[in-house]
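Only one chain is given next, in structure tokens, and it is the form predicted on its own.
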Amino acid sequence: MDIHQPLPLLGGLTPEQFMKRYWQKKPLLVRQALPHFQPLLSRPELLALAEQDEVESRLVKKIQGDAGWQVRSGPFQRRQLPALKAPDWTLLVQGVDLHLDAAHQLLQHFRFLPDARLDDLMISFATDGGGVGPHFDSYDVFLLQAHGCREWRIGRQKDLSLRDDTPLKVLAHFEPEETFLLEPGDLLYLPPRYAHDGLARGECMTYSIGFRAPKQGELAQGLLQRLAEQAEQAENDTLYSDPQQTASSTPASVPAGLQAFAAQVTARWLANPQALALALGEWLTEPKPRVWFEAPEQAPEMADLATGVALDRRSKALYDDWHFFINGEGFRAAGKDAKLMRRLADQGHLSAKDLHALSPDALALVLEWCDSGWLKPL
């Protein structure tokens, strides 16, 4: 994507201008960001998706008055959902891009942002008055109106205290500053922690494209777990030794030497930039719990890849200066192989010519990924 090219999606801004002026700074409303936009799937198709075990979904019903909301987790059979004529209910379907090629393609419009930050595309179907209450998100989100109309009230909220009488994280004292009515094709960008409340005006569908921002604790846990796995597999694994240990009259006391050894080992792994980069890339590309891949009935051979390969829509591929990552696995890559693997991650596919340019080891990996369902023939 040319980051210097003005985009209708961003109201005529270039991606570079948008990132400088709006990203994580202030909201942006774009009328007809995607002109004449049509929903990617119909209401019956969305409800059918929510019936599947592998699809994450939630049903949110607003209780009459100001009593709060009820929340249930899917999957849902159609008879378990309220009547379509009943107001004030919302069906949230997460990760639609994992199950629908058209949703995966929609996300390509937002690839001026790092793939490492992309979370998913969620579809919110609501009947009249439906919503999830005034709240704030800890991540960046683009709200694309796909069907019907939704009214958004937004504000830079100072008081982020939450109500304690509802299962949703609803703001206790929401003070909106602006109100917008979004119609199909309109787009609203909101930075993290920017309060908003969306109410369906009639039946509507809204697509939320979210960009995750991992918390420090979450990131530390993921990285340390990966580093621990690397340490366990290390060939030169040094044992702790204490030939100078003296007799102790306090045997339950942890020896200072063992404490120093533990600090030294931990610091050594944390100070290794390649080890940390490997852990980060593997963690960022780890498939979500409900994601699994469909392997082909027969193991593919080169003859089956005569026109090239493409990433399966559920696959996530990233790279850094030393590695190529795919679906939670990291590989050292250099030279022509690294260049081609980066092309696969950036463009989503490799041509037959590209495949023939790979080294035998890299080509063997590609065939292995095809056999796992991570790649598919073009």
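Residue indices: 1-based, along the sequence shown. Since this is a predicted model, take the numbers as computed values, not measurements.
Omitted from view is the form predicted together with succinic acid, to which the following refers.
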Quiz item: Within 4.5 Å of succinic acid in the predicted complex: all of Q94, L121 and R290, by heavy atom?
Solution: no
Quiz item: Does at least one non-hydrogen atom of W152 fall within 4.5 angstroms of succinic acid in the predicted complex?
Solution: yes
Practice problem: Please check if H135 has a heavy atom lying within 4.5 Å of any heavy atom of succinic acid in the predicted complex. | Solution: yes
Practice problem: Determine whether any heavy atom of L143 comes within 4.5 Å of a heavy atom of succinic acid in the predicted complex, and answer yes or no. | Solution: yes
Practice problem: Report yes if any heavy atom of R226 sits within 4.5 Å of a heavy atom of succinic acid in the predicted complex; otherwise report no. | Solution: no
Quiz item: What is the one choice in Q157, S208, T285, T127 with a heavy atom within 4.5 Å of succinic acid in the predicted complex?
Solution: S208
Quiz prompt | Segment that reaches succinic acid in the predicted complex - one of 267-275, 212-220, 158-166, 127-135, heavy atoms within 4.5 Å | solution = 127-135
